[in-house]
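One chain comes next, on its own, written out as structure tokens in the form predicted alone.
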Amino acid sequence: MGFEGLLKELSAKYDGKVSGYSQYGCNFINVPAEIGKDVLRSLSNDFGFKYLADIVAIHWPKKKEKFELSYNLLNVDSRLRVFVKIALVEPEYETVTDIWKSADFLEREQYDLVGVTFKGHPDLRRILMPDFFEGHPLRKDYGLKDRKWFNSADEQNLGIKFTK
């Protein structure tokens, strides 16, 4: 099944609430947040998208729906790749670790860098930034001026010399 056939079946299954398009050689599927997890589960169970390659969270501070999650899925058999986009008003969504185990670290990364909380995640904590780091550095409203990137105490004994 190609992308157009997949879109047609998803649109019929979800009463026209799912839409999509192809651009720059990529296939995008837009899904409302309230049915997002159902669509993702269906893509895995019914359409063979068994490989979750990546999850990306995007912060749009000037939009009503300030956050967007993009799930990069691959059907290994047909080699069809889709990006499922879910727009969010608040930085909170359901975990998909029960669908794809690879979501565990991917969701932790987005929690750490963008501040999206994944409800039901088995171990949601920072994965890239040190525990004492404040904020989420990939949010577009993250302040860069006058920020102390590391404290001068070298709490983790990394042997870092702090200079100005």
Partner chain sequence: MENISVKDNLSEIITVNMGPQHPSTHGVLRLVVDLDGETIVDVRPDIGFLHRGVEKLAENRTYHQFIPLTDRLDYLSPLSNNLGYCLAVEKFFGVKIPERAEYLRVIFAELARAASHLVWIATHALDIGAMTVFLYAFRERELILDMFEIATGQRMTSSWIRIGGIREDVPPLFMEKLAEFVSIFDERIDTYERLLTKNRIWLMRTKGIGYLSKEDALSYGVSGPIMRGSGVDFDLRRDEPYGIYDRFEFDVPVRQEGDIYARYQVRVEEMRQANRILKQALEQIPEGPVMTDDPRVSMPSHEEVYERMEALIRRFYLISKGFKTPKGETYACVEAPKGELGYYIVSNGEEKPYRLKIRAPSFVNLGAVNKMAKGAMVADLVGIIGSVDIVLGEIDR
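Residue numbers count along the first chain shown, from 1. Keep in mind that this is a model prediction, so the values were computed, not measured.
As for the form predicted together with the partner chain, it is not shown, yet the points below apply to it.
J.: Which residue, V114, L124, A33, V39, is the contact with the partner chain in the model of the complex, using a 4.5 Å heavy atom cutoff?
T.: Spelling it out, the residue with a heavy atom inside the cut-off is V114.
J.: I'd like to know whether V76 contacts the partner chain in the model of the complex, with contact meaning heavy atoms within 4.5 angstroms.
T.: Residue-level check for V76: yes, a contact with the partner chain.
J.: Hey, in the model of the complex, is N45 touching the partner chain, heavy atoms inside 4.5 Å?
T.: Residue-level check for N45: no, no contact with the partner chain.
J.: Does G143 reach the partner chain in the model of the complex if we count a contact as any heavy atom within 4.5 Å?
T.: Close contact exists here: in the model of the complex, G143 approaches the partner chain to within 4.5 Å, heavy atoms only.
J.: Evaluate G25 for contact with the partner chain in the model of the complex, applying a 4.5 angstroms cut-off between non-hydrogen atoms, and reply yes or no.
T.: Contact with the partner chain, yes.
J.: Can you work out whether the partner chain is within 4.5 angstroms of a heavy atom in all three of K17, I29 and L88 in the model of the complex?
T.: Not one of the three qualifies.
J.: Using a 4.5 Å heavy atom cutoff, which residues in 52-84 contact the partner chain in the model of the complex? It's fine if the answer is none.
T.: Heavy-atom contacts to the partner chain in the model of the complex: L52, A53, D54, I55, V56, A57, I58, H59, W60, P61, E68, S70, N72, L74, V76, R79, R81, F83.
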